[in-house]
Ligand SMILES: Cc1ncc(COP(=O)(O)O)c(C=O)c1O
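Here we start with a single chain on its own, the form predicted alone, put down as structure tokens.
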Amino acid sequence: MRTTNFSSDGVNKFPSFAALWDLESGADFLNHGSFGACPREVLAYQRELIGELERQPVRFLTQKIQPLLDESRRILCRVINAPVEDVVFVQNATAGVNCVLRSLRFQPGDEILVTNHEYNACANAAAFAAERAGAKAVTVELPLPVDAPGQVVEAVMAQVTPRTRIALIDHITSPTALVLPVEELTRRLQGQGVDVLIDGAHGPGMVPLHLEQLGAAYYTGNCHKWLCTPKTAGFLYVRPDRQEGIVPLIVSHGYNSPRPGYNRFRDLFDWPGTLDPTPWLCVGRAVEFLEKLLPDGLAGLMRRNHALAVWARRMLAERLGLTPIGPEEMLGSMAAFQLPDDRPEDRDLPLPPPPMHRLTDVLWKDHRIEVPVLYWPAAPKVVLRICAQAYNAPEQYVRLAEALEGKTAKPRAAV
């Protein structure tokens, strides 16, 4: 992603839209990336839908839901630049990864490629699919810190063998907040006959997406993170030549009930049974909400959030002497730092997933700052991650710096 040169004064000119969210008063939420946060306006729309659903459940679920679902999907596909025929809703990106990996038929000796920066839940899905088939999940060790996108490409390609069937690649890594070079990885991997499944949990709403142009076999993303929908709204894109055989985790009526004007892919996924469909139906409304915050719409909001994340990273690194995980060109709206290693006598027993560091609770209890600090890739290594969304402002990161002073100092060398 292209970075922007700006001063702290320039960042302060960006407005904060915190009043449009119903976040706890007096707290600084710098962890939008974990579960997102839904604006009041979108939540109000969801409540209207739930009220209508409960007043007339049969009519809503049998007659009204499909046009609403189609409209929400149409708006989403405009954001991700993908044909509506190739996109279905799922609960989240983890479900999307599972749909693909559990639909494919692996053979003994096949290899599923993942990186060590992959989200734990999705890495587990790859391990399960491999173990079930007698295949192998191969973990690519990426450097820490990463100096340039090319390092990632070369590390992944070095692990490709004639047995590699598919590569599961994060678009934006969860623990390390790096925007990986998925365009180059997709081109190189698929050029060697390896399909690519992109875990884009953080992609929609953080970085521009052009899924049809990207050409990956599979891409799954969350809407409840950076698009700010209610929880349990995600999508799965499957390239047309790979849709045959991809089935949802719940096989339902669409398996033998084709609908006029819909392809089999959407038939299989659109009706998983009785559930609360309102998070999916709110996707379009959430996109429209975000697009009206700034004159240049969602693209402008993504640039604003990116600029704020870059500024905050620079400020924290300079003020506290922290080590960033990667270069600015690999940042979206999150940034991560390596903290000094824990001493054994100071270490708590981590409880995965994820293995949170005690500093997470200290920052919340003592300073009302919500920010993840975790052991990664494993104790004693410690990583801190910040996020920047429309409701965040520069002064919140300054308060984080003040709270961290004295807690992240590197130990003095013995004399």
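No experiment lies behind these values; they were computed from the predicted model shown. Note that residue numbering begins at 1 and tracks the sequence as displayed.
As for the form predicted together with the named molecule, it is not shown, yet the points below apply to it.
A.B. asks: Only one of these stretches, 90 to 98, 324 to 332, 290 to 298, 187 to 195, has heavy atoms within 4.5 Å of the named molecule in the predicted bound form; which one is it?
C.D. replies: Stretch with heavy atoms near the partner: 90 to 98.
A.B. asks: Going by a heavy atom distance of 4.5 Å, is G33 a contact of the named molecule in the predicted bound form?
C.D. replies: Yes.
A.B. asks: Is there a heavy atom of A312 no more than 4.5 Å from a heavy atom of the named molecule in the predicted bound form?
C.D. replies: Although the named molecule is absent here, A312 would stay clear of it in the predicted bound form, with no heavy atoms inside 4.5 Å.
A.B. asks: Can any non-hydrogen atom of T176 be found within 4.5 angstroms of the named molecule in the predicted bound form?
C.D. replies: So T176 does not count as contacting the named molecule.
A.B. asks: Is there a heavy atom of Y119 no more than 4.5 Å from a heavy atom of the named molecule in the predicted bound form?
C.D. replies: Although the named molecule is absent here, Y119 would touch it in the predicted bound form, with heavy atoms inside 4.5 Å.
A.B. asks: From the list I172, A336, C282, L76, which entry has a heavy atom within 4.5 Å of the named molecule in the predicted bound form?
C.D. replies: Checking each option against the named molecule in the predicted bound form, the one that comes within 4.5 Å is I172.
A.B. asks: Considering non-hydrogen atoms and a 4.5 Å limit, which listed residue (A201, A216, M206, A125) is close to the named molecule in the predicted bound form?
C.D. replies: Looking at A201, A216, M206, A125 one by one, just A201 meets the 4.5 Å heavy-atom criterion.
A.B. asks: Across 209 to 228, which residues bring a heavy atom to within 4.5 Å of the named molecule in the predicted bound form?
C.D. replies: Sequence-ordered list: N222, H224, K225.
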